[in-house]
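In the block that follows, a single chain appears as structure tokens, in the form predicted on its own.
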């Protein structure tokens, strides 16, 4: 069964983000009312296109609030779409694009309990998946027994548990998560990981997760805008590879972003592929990628541009907030 598109709200809920040309996507309009109206336009376009999976987080500024007001305004009923959110980071930028610190990580039980209350206040009745935000290979989060006990109890509220992973050891974090159990049942029903044409190191672990019955959600398929036609920033790590992808895209009469999303959508182990679309046009482009004919020859040609994961994540850490 092919993967379905989902919409991630990281670029729509706060004025600053690391996606390339984020400021332009928002039209440089940062007041909350304008951003809420813009988020609603993109959500409307996604819903009209058949997208039924929405991903938010406590650290995405007012993303949960914008999503909640859209659900009310459009009279979307619980269960009509899958609403996922994440906890573990607190938004600290104060609605500024120039903050010295945009978010603070805290995977403690206290943070989980606080942020779960905050998410439920906004999304009660709609929230169906709650995820730990960005577990790394170095993290001790999955070894916190009290926290795992509390997360396992989400099932009693009709909410599934999941986690997102990040960093060069995504595969390690994924395999650890698959093994976490309470009362003989796996705690995590879903894993969200970065996979794109440049960073494929989690692939075998994601195959294992899929084989074990865990839903797999792909994030950053466009590498925060670096795998798009708009990327002309001259990053010494990415630029030669982006140029090669551009050549292949043109030979197929398509675009970099169509190839990148099409590649992610073609993974047999993927359940959902998130688009970080921040405009209606980007939603339409993402939907068009579902019709791309991604074949074995493209796969062979594109494997030559894969980066070492440590190199990829070093480059990603330099992405500027805008």
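Residue numbers count along the first chain shown, from 1. Worth saying up front: this structure is predicted, and the values here are computed from it rather than measured.
Another form, the form predicted together with a small molecule, is not on view; read the next lines as being about it.
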- At 4.5 angstroms, heavy atoms only, are 224, 261 and 276 all close to the small molecule in the model of the complex? yes
- Wondering, does residue 190 line up within 4.5 Å of the small molecule in the model of the complex on heavy atoms? no
- Query: Taking 4.5 angstroms as the cut-off for heavy atoms, does residue 60 touch the small molecule in the model of the complex?
  - Reply: yes
- in the model of the complex, does residue 228 have a heavy atom within 4.5 Å of the small molecule? yes
- Message: Residue-level question: is residue 271 within 4.5 Å of the small molecule in the model of the complex, judged on heavy atoms?
- Response: no
- Message: Please pick out the stretch from 147-155, 131-139, 240-248, 178-186 that is in contact with the small molecule in the model of the complex, where contact means heavy atoms within 4.5 Å.
- Response: 131-139
